[in-house]
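Listed next as structure tokens is one chain, alone, in the form predicted alone.
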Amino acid sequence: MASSAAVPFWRAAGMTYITYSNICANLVRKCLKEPYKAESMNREKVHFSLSKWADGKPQKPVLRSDAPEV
């Protein structure tokens, strides 16, 4: 049985909710005035490490720090 409920516009546009949420968050950050804008941009930075596996053992991790393009 098909539902007659409305489809969220982000789903109709072919996006996931995470993608939609990230777009909205970026728009809000860009609209802020200083010093709040700088603080919010600092919170957006992501730090993580990657480890490749070989023969069932992790290799030396590579530390990454990806900041969004400004």
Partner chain sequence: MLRQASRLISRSVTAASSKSVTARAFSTELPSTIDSTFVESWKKVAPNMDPPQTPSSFMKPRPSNASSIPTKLTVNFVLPYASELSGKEVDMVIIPATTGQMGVLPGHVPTIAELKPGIMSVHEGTDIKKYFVSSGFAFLHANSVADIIAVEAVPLENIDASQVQKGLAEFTQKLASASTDLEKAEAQIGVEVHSAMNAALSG
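So that the term is clear: the rigid core is the largest set of C-alpha atoms that superpose within 1.5 Å between two forms. Positions refer to the first chain, counted from 1. All values reported here derive from a predicted model rather than from experimental measurement.
Here the subject shifts to the form predicted together with the partner chain, a form of this protein not shown in this document.
Every member of the trio A13, I23 and V28 reaches the partner chain in the model of the complex with some non-hydrogen atom inside 4.5 Å.
For the chain shown alone, R43 is a contact residue for the partner chain in the model of the complex, at least one non-hydrogen atom being within 4.5 angstroms. When the partner chain is considered in the model of the complex, Y17 lines it closely, a heavy atom lying within 4.5 Å. For F9, a non-hydrogen atom is located within 4.5 Å of the partner chain in the model of the complex, even though that partner is not displayed. Comparing the forms between this form and the one not shown, the C-alpha position of A25 differs by less than 2 angstroms, with the core used for superposition.
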